[in-house]
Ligand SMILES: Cc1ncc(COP(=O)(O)O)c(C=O)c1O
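For reference, the chain that follows is the form predicted alone, supplied as structure tokens.
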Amino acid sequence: MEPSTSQTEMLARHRAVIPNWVALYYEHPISIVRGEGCYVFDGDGKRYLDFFGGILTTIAGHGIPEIQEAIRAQTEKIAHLSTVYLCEPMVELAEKIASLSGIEGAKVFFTTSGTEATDTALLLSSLYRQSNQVLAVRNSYHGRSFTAQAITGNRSWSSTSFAGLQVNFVNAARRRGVPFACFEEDEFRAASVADLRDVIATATAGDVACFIAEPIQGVGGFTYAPNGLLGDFKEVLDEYGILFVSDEVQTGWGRTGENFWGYQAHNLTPDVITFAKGVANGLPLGGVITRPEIMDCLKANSISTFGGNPIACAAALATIKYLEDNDLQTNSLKMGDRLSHGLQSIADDHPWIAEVRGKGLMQALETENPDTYEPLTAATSAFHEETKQRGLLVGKGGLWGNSMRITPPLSVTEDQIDQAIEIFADAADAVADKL
């Protein structure tokens, strides 16, 4: 279906003033103008099931009255304060997040994005440990900034390694197409721990600042370590005093269903947690949580003009309350199981869908040639287009761009899950005909 003249004009205006490297989805990009619950509407009035949520960000859904009212109420008071003034919404939110973090005596610093949270975590870790060495995970993604790209282990999203850091990558998540693919789960865990020890012994000076990992790799296509592996890593890291940074930008706030934080599947307590995306249901807010001695190791003056913005903090307080009051973590677990089973039934009928994986409402489909095991990137793109044509929006990812990322709001219903599965089935049949 061709977009209207108005959407075509919007695309031309976008391309004239926005950088070429700012990616747009779909052969005919769509302009989203309104959202309602689990649905969004484009400039032509077409309704879509939103199963990507602004990249896992509208975690409660669009236009939630309780959250909208909190935003309106704060706007009527004051819209902006920098951190040089006391700000009650910021302090209240920090108290709430610290209590939820699992870190004893935690302090919280607010940023405007996950990227900035990553930078802050690296700054604190390197200062605290007096080291510029960092361990990260292959196939990882940690943000768009100069520093965050240097620790990103996915070449498609890392355009530079120049950041003043010595970065080494270990394996902790991706099992398809790597030397660890032939291992059973226990063997995979043992081999990954051995790999970590070997990298520390051979590629570092030993005094590494931190190890940073996503409990579930987001841009990497929702690949993740077996439960407990990161806890095994933490035992090794503790031998060297290396800090563990859990990147919870995509896995926080109950999205995985089984836990509130992704790290809780691994029998550990991180030294540092980064967060963003869903915390304020779409308003720009991120942050870092850590122990007082780590947070307070920064001795130079530092403030944040926009971090801890009162409107964003009010939205976050309302979002967390909405998640808790409606037990959306449990809903994520139930709806995630329903979604996973539906997707698996489709995969069983289509051998080019190689794997269904995920936790809660972070689900992925990965495609590959069943005969050669080569990634089917073009098929994934076609699948992506076919779902959009049928009124369903999802994401893409994976090392080779051959994974579909499926992340509806945690308020999604059974009927909406079933509707999406029906669309996936029809779209898969259409792609199979082309293959």
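The numbering used is simple: start at 1 and walk along the sequence shown. Keep in mind it's a predicted model, so treat the numbers as computed, not measured.
The same protein also exists as the form predicted together with the named molecule; that form is not shown, yet it is the one meant from here on.
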Heavy atom contact within 4.5 Å of the named molecule in the model of the complex, the stretch among 92-100, 237-245, 140-148, 124-132: 140-148
Selected contact from T115, Q74, N171, Q329, since only one has a non-hydrogen atom within 4.5 angstroms of the named molecule in the model of the complex: T115
Position in contact with the named molecule when the complex is considered in the model of the complex, options T319, T152, T290, Q250, heavy atoms within 4.5 Å: Q250
D271, heavy atom within 4.5 angstroms of the named molecule in the model of the complex: no
is_contact(H266, the named molecule) in the model of the complex, heavy atom dist at most 4.5 Å: no
Contact of K277 with the named molecule in the model of the complex (heavy atom, 4.5 Å): yes
